[in-house]
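Here you get one chain, nothing else, as C-alpha cells; it is the form predicted alone.
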C-alpha cells in the first residue's frame, strides 16, 4: 500500500469515526429526551417555570453531578439523612416527595442531565387549542358520566374543581381548579400519561388514561382554570338537609298507608279481657 492510498484510508476511517460519534451523541440525546419527557416532565420543566417541582434549567450548574445522581435515585434517603440542600428543596415544594428513580442507571441519569444541560431542546411546542367537544368530554370523564376506556376511577373520586358545570368532587387529593396555571398543559398531560404520585400511579397502573382522554381532560382543566373567577363554589349542605327531610316525609306517608289496617292493640288483649270478665 503506497502512502497516498494509506492517507485516503486514514481520512475515510476518521470520517467514519466522526459520523459514528455524532450518531451516538444523537442517540444519547434522544434517550435523555425520551426519559425526561416520560418520567420527569410531569413535575419539572426546563426553563418553563416551576411545576410540582422546581424548574431544572441550570440545575447542572447549581449542583454537582454526584449530588444529582444520589438525589434522583432516592431524594427521600438524602432528606432522611439530613442533607441540607435536599431538605431545603423538600420544604420549599410543600414537602411533596419525589418518587425514587432507582430504575435508572447512572448512565440513564447522565443522559437526562445532558438533555437538561442542553436546554431540553427548546420550549415545548404549543398545544392545539381544545375544542368545545374536547372540553365537554373532559368534564364528563372528570365526573365519571363517561367512563374511562380502561376502567380507571373518575377524577372527582379524589379531586375537586370549582366549576358550575360539574358536581363537587373529593377532597382526598389536591384541588385542580388552578392546576393549568401551576403546571401548564404539558405538565398536566405528562402527569396523566405517567402519574408521578404513588397513589395515582397505583390507581392507574392497570388502567392507563388514553391519549384521547388525556387531551380532553387537559382541555377541560384549562377551561376550568380560565373561568375560575366567574364560578361560584357550590354548597350542597342545604340541599342535602331539605332532601333528607323530604324523603323522611315521603317514607312516613308510605308507612302510614301500608299500616292503615293494623290492629289498634295486641291480638291477645281481647282474649285476656274476656278471661277477666268470666271470673
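What you see is a predicted model; the values in this text were computed from it and never measured. Each form is matched to the other, and the largest set of C-alpha atoms that superpose within 1.5 Å is called the rigid core. Positions refer to the first chain, counted from 1.
Keep in mind that the form predicted together with a small molecule is not shown, yet the notes after this line are about it.
- Contact with the small molecule in the predicted complex, judged by any heavy atom within 4.5 Å, is made by just one of 199, 77, 133, 165: 199.
- When contacts are judged by a 4.5 Å heavy atom cut-off, residue 248 does not count as touching the small molecule in the predicted complex.
- Although the partner is absent here, residue 160 lies well away from the small molecule in the predicted complex, with no heavy atom inside 4.5 Å.
- When the small molecule is considered in the predicted complex, residue 154 lines it closely, a heavy atom lying within 4.5 Å.
- Contact between residue 48 and the small molecule in the predicted complex is not found at the 4.5 Å heavy atom cutoff.
- Contact annotation for the candidate site: 112, 174 and 188 all lie close to the small molecule in the predicted complex (heavy atom within 4.5 Å).
- Superposition on the rigid core between this form and the one not shown places the CA atom of residue 178 less than 2 Å from its counterpart.
- After superposition on the rigid core, the Cα of residue 214 moves by less than 2 Å between this form and the one not shown.
- With the core held fixed, the Cα of residue 154 is displaced between this form and the one not shown by less than 2 Å.
- With a change of no less than 3 Å, the CA-CA distance between residue 181 and residue 91 is smaller in the predicted complex than in the form shown.
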